Ligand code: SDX
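One chain follows as structure tokens, the form predicted alone.
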Amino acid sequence: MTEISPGLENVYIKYTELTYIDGDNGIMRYRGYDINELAEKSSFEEVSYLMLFGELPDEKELSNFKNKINNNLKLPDYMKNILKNLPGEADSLGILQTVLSARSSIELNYKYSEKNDKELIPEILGNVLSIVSNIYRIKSGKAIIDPIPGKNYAETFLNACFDKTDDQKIDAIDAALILYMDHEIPASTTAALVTASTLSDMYSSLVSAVTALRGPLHGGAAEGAYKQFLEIKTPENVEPWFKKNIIEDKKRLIGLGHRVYKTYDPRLKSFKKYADKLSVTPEQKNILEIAKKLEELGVKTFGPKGIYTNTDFYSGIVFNAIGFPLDMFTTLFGLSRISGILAHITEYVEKQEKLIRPRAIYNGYDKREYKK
């Protein structure tokens, strides 16, 4: 009898040289490099180059890559007009989805090839930086701008959002962009691969990915975890909140558990470090203390079942401490994931893999007679 795999769990659709994950031992590597080492020692551009082209760039390669990204920070007028005319209450990730969709409409007859892909990818990275920074600006009541290149992608992005920033926040968002860059083929990357496998263009494939990211079970997890902390309000409320909501009402503790990991998410280490560094105001320290107490209680309760803290538990604290509101968390996740998704698209399509076309097992009516 043919069996299905709900959620496509443990169904393999491609070979990859990009990301290695050992969920039992909490190991994650990009092209062989430890994820936390890359987050500590490299920049977003360097790791993007590594993922896209196979090796860390030398000085000349990095400079050329940065220049190509920076040359695409200025959005065309039609994209700016879309940003201006969407409702102010529109979902941030929905705005990104809409603008990318508009860009895809003029991507006619795109042909995947190593040469074409290497030219288009820096354009996409520059465009997305500008789109996301201006989404924040619009929702904050600020005017749309053309970002001015900084020393790296992270500085350019934060300066475009806030007009000025500091090195500690630049380091934190740079690390966050690296840590969230790829995670093999979760829902968003799978959605992109399904679209790309039809030989649709890269922008359309990214629209599919961003659409999948909007769900709270995927990109929205950091937002959900942070909402828990706000609901708890004080460290003293952690235990009674946990008992009522998690034990008695059996609600899901957002930020614990993962489809892949049976121990701590390896990315958690870096996010927790930056949460400690950046939480300086009384409100930020209060949220951090709530998170730590909730983590301790959650791991004590669910750790014996192989359920541990994942990276989304602390990433929202980092994003908020940098200066971003709750409704930007998932969009920041989307910004970071673009390079990884593009790497998977090119890896899949350039190797001429098959159209992704799964089947379903019919379990409805047998033949029925039509009666009017």
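Predicted, not measured: the structure shown is a model, and the values here were computed from it. All residue numbers refer to positions in the sequence shown, first residue = 1.
The same protein has a further form, the form predicted together with this ligand, not shown here; the description that follows concerns it.
Screening 332-340, 34-42, 51-59, 315-323 for residues having heavy atoms within 4.5 Å of this ligand in the predicted bound form returns a single hit, 332-340. Among heavy atoms of R267, some come within 4.5 Å of this ligand in the predicted bound form.
Within this chain, I307 lines the site of this ligand in the predicted bound form, having a heavy atom no more than 4.5 Å away.
Among residues of the shown chain, R137 is not one whose heavy atoms approach this ligand to within 4.5 Å in the predicted bound form. By the criterion of a heavy atom within 4.5 Å, L217 is counted among the residues contacting this ligand in the predicted bound form.
Each of R252, G255 and F302 comes within 4.5 Å of this ligand in the predicted bound form, counting any heavy atom. Just one of K272, K169, K80, H183 comes within 4.5 Å of this ligand in the predicted bound form, counting any heavy atom, and that one is H183. Among I95, L129, A221, L278, the residue placing a heavy atom within 4.5 Å of this ligand in the predicted bound form is A221.
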